[in-house]
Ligand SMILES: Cc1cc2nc3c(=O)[nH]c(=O)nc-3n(C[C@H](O)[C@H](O)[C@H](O)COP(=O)(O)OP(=O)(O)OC[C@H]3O[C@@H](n4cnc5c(N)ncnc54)[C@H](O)[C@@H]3O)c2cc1C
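To begin, one chain is listed below as structure tokens, in the form predicted alone.
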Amino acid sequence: MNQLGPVTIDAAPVTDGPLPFALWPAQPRVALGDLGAEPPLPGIVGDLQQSLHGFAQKVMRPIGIELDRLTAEQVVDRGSRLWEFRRGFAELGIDMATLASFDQTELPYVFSVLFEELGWGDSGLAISAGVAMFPHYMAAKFGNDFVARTYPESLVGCWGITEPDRGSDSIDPTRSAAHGLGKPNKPNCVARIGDGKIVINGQKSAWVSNGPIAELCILYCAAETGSGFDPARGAVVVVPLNAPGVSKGKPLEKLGQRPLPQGEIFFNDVTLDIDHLLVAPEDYVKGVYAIHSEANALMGSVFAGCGRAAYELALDYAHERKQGGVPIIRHQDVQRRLFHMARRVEISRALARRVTAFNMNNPLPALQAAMFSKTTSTQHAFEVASDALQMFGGNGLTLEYPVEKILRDARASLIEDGCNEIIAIKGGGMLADPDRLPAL
């Protein structure tokens, strides 16, 4: 699979660098490859990309389409093909040890290529695969080896942060995006920490990705203090979901990303040893910053892939569908629309790669940069999918073609992991330089 299409001179492909101008063909043209205007990937990353693309094409996409048409209960049933996807993904061998084997120049490519290809296959399943790794991945980021020593990576993970009364507030513990006159809603889930134990009571909302199938949760919740609720002081706890007192609600029926199981988790005097505490209350703001940086970067890559899928379907259809006696790609407005679709995909991919490389190599990740990527890729994916459906015309509205599903999946992305409006407010505040502002 080529990253860049070869230039052909006298039927002989030339791919080893720029050609002298004298050897250019009379009408120069380069066919962009599967990853657009992407320079060749480092060797092992290129091999990984090809394997991932094959998995996304042959396994993810057909399974995603099938799961999309089931009820939420049927999706999580042990007889559904969701578990076939889980087994197939496990066979790819992408685990903590594998990720640790890449050097710092390769790892950003691996991360962004991995989730772009998975997002190309099915964005809901891609998010499921990513979130399943979060308990182990984030524990390693926090420098905590308890999770790795205690729980196998084969357990399905989830991230529990949003609550019925605390949606966007959950990712804004410093209240930088809150109205000045507002007061934080009371938490729905609280951890009491003391005497070497953690006791958890309350619930997480129906939007916990992987919630209905998860076996291990990285839980973000309020910490009980004597002075009332302080949103900047919470707890990050790893919770085995077979612990006494844990129960789950029904899987959520929703518009898009239906292959991604989501649902409530309830905690009734769930008692754990203090070793399960990954981030203490005094470091909670840092803990939220860390996982939000990772989650938004993941979303940037997933929805670069989602937008690319919609664009490629439209490009293929434009070559096949005839109106006015010619394939519709001969019509100028179709060409114009395809150009802007391709441009948006290129921007999303480039920004996702750039932000991932920066955050993985900088002393601290830049959350606002991850927000750039998340909001750009999700907005572009929705716009590209909408244009793709318009190009398909009436066919795009039918279940016979996958473009309507991609549109629904992309629409959901504008809300998840922090709705884009709140992210923009919070991210905009992070652009301010406190040294250049008067003290409040």
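Each residue number is its position in the shown sequence, starting from 1. The structure presented is a predicted model; accordingly, all values stated were derived computationally and were not measured.
Note that the form predicted in complex with the ligand isn't included here; everything after this is about it.
Given the stretches 95-103, 73-81, 206-214, 266-274, which is the single one in contact with the ligand in the predicted complex, using a heavy atom cutoff of 4.5 Å?
Of the stretches listed, the one contacting the partner is 206-214.
Quick one: in the predicted complex, does every one of G167, Q262 and C419 get a heavy atom within 4.5 Å of the ligand?
Looking in the predicted complex, the three residues G167, Q262 and C419 all sit within 4.5 Å of the ligand (heavy atoms).
Single option in A178, A140, A90, A350 placed near the ligand in the predicted complex, where near means a heavy atom within 4.5 Å:
Checking each option against the ligand in the predicted complex, the one that comes within 4.5 Å is A178.
Give me the residue from L67, A412, V45, A56 that has a heavy atom within 4.5 Å of the ligand in the predicted complex.
The option sitting close enough to the partner is A412.
For Q257, is any heavy atom within 4.5 Å of the ligand in the predicted complex, or not?
Because a heavy atom of Q257 falls inside 4.5 Å of the ligand in the predicted complex, the answer is yes.
How about G121: is it within 4.5 Å of the ligand in the predicted complex, going by heavy atoms?
The answer is no: G121 has no heavy atom within 4.5 Å of the ligand.
Please run the contact check for G160 against the ligand in the predicted complex: heavy atoms, 4.5 angstroms, yes or no?
The answer is yes: G160 has a heavy atom within 4.5 Å of the ligand.
Can you tell me whether I425 touches the ligand? I mean in the predicted complex, with a 4.5 angstroms heavy atom cut-off.
Within the cut-off, so yes.
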